[in-house]
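To begin, one chain is listed below as structure tokens, in the form predicted on its own.
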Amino acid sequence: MTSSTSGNTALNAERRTRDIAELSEAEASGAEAFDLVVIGGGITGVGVALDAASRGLSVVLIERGDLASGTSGWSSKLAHGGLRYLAKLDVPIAWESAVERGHLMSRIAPHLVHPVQMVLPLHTHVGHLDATLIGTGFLAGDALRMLARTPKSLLPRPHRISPAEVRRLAPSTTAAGLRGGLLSWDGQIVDDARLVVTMARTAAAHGAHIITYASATSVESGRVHVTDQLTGEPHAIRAKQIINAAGVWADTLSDDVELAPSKGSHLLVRAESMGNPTAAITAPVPDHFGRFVFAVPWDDGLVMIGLTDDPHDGRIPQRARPDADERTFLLDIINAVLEDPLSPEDVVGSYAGFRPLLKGKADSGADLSRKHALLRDPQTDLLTIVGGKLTAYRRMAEDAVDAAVEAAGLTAKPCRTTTLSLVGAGAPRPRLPEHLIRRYGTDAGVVAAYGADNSALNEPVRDGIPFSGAEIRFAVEHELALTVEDVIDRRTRWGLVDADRDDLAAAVRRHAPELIDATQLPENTHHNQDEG
């Protein structure tokens, strides 16, 4: 595993100011253009920045809002091994997923991507033939795991389990008609937004300039025009190659990009309402073989229920929620396998994200390809990377940087991201709090140190909110949180719990009075606009 600590990993307002000053100086002096400018601070854009910077290229990443404030922060938080693609006989995508999942869990971010048990209860509505086919698919997925060289000590082999074992792992599963279950394993991302932020910090350690709240207003060959959303000041950044990784907004920068966004909706319930499961429940969608709704336990006492996969027309909101039909669909599917059905009143929060799928011929988002594509704009020479999946971000980034290096004639080292670990990977020092280790890896020591002189900082900001003052300060001083919403929505996910959001925001303002509210920013950058 390659060390990622070759430079300063702290991202904060002071560093952002220095980076922008360096851009201004380069602009005024006519210094040599940067090798790459990356537009978009989601998993793909940050992955591109890390890949390029670790190859020795000079890189600037600009993001109009916060890191992971688009699709990357609203995922199901699963690093899938490609089982659903096997069901569609899309072996290349399944293989890519299995390989990239292995890289994430074994070498890149083992502190942020952990194994999760997945239980498919076998009730009467899962026929013997379907159970056999699904079980065969699980075994095929395990074969891909072995070929990808992900050890079975990390992801054990799937197997059938007894009704008693199903209910031990998922106590809310109904016993009526239960004849056992299929147990498999997959990767669970502790926090998708933290994965993106940690990757950005690692890219910064390799020299990348990570600048959030900077909007690309126009692109021309070799130059990006940018507005600093915090000051209103315009800047022009010269680059030998510009990469558009703006996700579902990529088509706003190039007329040659046509997207068919797919909406994925999720509900949150408290774990006790489902008997505090220790495994995810997999519920099949009737008449759609290979499609499932998952109920996945999170570390903080919540269970995520998701997801939908439906075409979306019209404006892409910065913050979306499930609509009434999507809520009903998710509850109906998961309730089919539960002893005590969940009601709408059990839902404590919700969110939705949009996948940037390439436009094609399909009746639903679930039918569109998850293949990624590189598109070159003949007018501006802008290189756009779209499509793909969160799990395969690294391969997407490698392909994009390879294309940029070839097109611009750049001198770059070979890609090294299959073995480049993110900051926080490694063995943490003894006696650190386990909940901090699971969120921050070796950085748990840095977080805990904030409480050395004030032990109150290590306590939750309020009973029932699993987030401390120390974590707030770490978010501000190391994770580039510039607004209150950056902290409550993307440095912790407890802002998704509607009843606690205001109290959490008040605690953030108390511990980090230097932060501004996102509502003070221009409309196109703040991320509390709801649609659902």
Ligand SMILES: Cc1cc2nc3c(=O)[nH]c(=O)nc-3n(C[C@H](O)[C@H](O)[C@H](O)COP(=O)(O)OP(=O)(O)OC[C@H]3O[C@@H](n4cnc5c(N)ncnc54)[C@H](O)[C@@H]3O)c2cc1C
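Source: prediction; values computed, not measured. Residues carry their position along the shown sequence, with the first being 1.
If you look for the form predicted in complex with the named molecule, you will not find it shown, but the lines that follow are about it.
Only one of 153-161, 209-217, 123-131, 417-425 places residue heavy atoms within 4.5 angstroms of the named molecule in the predicted bound form, namely 209-217. The listed set 76, 335, 174, 273 contains one residue whose heavy atoms approach the named molecule in the predicted bound form to within 4.5 Å, identified as 76.
Taking 145, 389, 201, 111 one by one, only a single residue has any non-hydrogen atom within 4.5 Å of the named molecule in the predicted bound form, and it is 389.
Not displayed here, the named molecule is approached by residue 62 to within 4.5 Å at the level of heavy atoms in the predicted bound form. Taking the partner from the other structure, the named molecule in the predicted bound form has no heavy atom within 4.5 Å of any heavy atom of residue 185. Contact between residue 400 and the named molecule in the predicted bound form is not found at the 4.5 Å heavy atom cutoff. In the predicted bound form, the named molecule sits beyond 4.5 Å of every heavy atom of residue 293. For the candidate spot formed by 138, 180 and 282, no residue has a non-hydrogen atom within 4.5 angstroms of the named molecule in the predicted bound form. Shown here without the named molecule, the chain has 39, 40, 41, 42, 43, 44, 45 in 24-47 lying with a heavy atom within 4.5 Å of that partner in the predicted bound form.
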